[in-house]
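What follows is a single chain, given as structure tokens, in the form predicted alone.
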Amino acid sequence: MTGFQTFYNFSSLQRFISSNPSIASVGIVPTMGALHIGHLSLIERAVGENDLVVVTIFVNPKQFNNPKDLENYPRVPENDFSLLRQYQSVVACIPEENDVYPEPDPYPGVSLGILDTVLEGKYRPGHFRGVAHVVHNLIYFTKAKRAYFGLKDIQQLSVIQLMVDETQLPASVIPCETVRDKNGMALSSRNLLLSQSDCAAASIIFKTLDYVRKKIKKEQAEAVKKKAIDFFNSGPLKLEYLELVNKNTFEPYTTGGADGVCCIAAYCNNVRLIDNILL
């Protein structure tokens, strides 16, 4: 490889891979652009485990149930390219919608069960069906052996793992730790839509999660949830949900059980933010 390269369809990407016999393994970091340090941590993990890393940039219309949210999603391609150029074994793939969703479409469809009806599944109907579809096709067309995702979207991670298992894609799903700023706020592309004062106000999200983590070992889950909601509502953000669930089944969490997670979704000046913490 010589220099950073960008591909605008999967066929040109595959020709490039086929012409480089040294590329034995491909990793993929699916993104919707507006890259930040959290994305870079995924990329760096992938670089250490693959001969080539494909960073896809595709704002997926199928996972937006709110057209305004799709319209407002930040798009800063030149900044994305400048961040990616620092890596020797990374390429960008920026496919068109008809390239991601061709006819015939290789995605067979899967049933997501409870994951499609609780938390994000409840408040964003159709969202996870869109996520499962796009991630399947991105892995399928890039022929990636490993796919990297952050734990900030923990329910999404479960959806993707279920989809990969059900469709028998020959790829491993690699979960990566959430990257946070100095105030604990999870890094997200949507943070670009926030002012400095908005970011300060949004620190209530992590403070609430930390509150739950400290309380849950001593008190019953329902009591902790009620107090945590009151704590959150002392701040300026609008809470959509705060739930304690099992991170594997997404059934309600019981104090003392293994694999608990507290998940929050909230609005900060009409920007929707999500986060979670393992209990």
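One rule holds for the numbers: they count along the sequence shown, beginning at 1. This structure is a prediction, so every number in the text was calculated from the model and none was measured.
Just so you know, the form predicted in complex with a small molecule exists too; it's not on screen, but the next bit is about it.
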ask   = Check Leu115, Leu119 and Val245: does every one of them have a heavy atom within 4.5 Å of the small molecule in the model of the complex?
value = no
task = Select, from the options 230-238, 208-216, 57-65, 246-254, the stretch whose residues sit within 4.5 angstroms of the small molecule in the model of the complex by heavy atom distance.
result = 57-65
request  = Only one of Val134, Ala147, Ala92, Ile204 comes within 4.5 Å of the small molecule in the model of the complex by heavy atoms, so just point that one out.
outcome  = Val134
ask   = Since exactly one of Glu166, Asp153, Asp198, Asp181 fits, which has a heavy atom within 4.5 Å of the small molecule in the model of the complex?
value = Asp153
task = Using the partner position in the model of the complex, report whether Gly38 sits within 4.5 Å of the small molecule, counting heavy atoms only.
result = no
task = Evaluate Val47 for contact with the small molecule in the model of the complex, applying a 4.5 angstroms cut-off between non-hydrogen atoms, and reply yes or no.
result = no
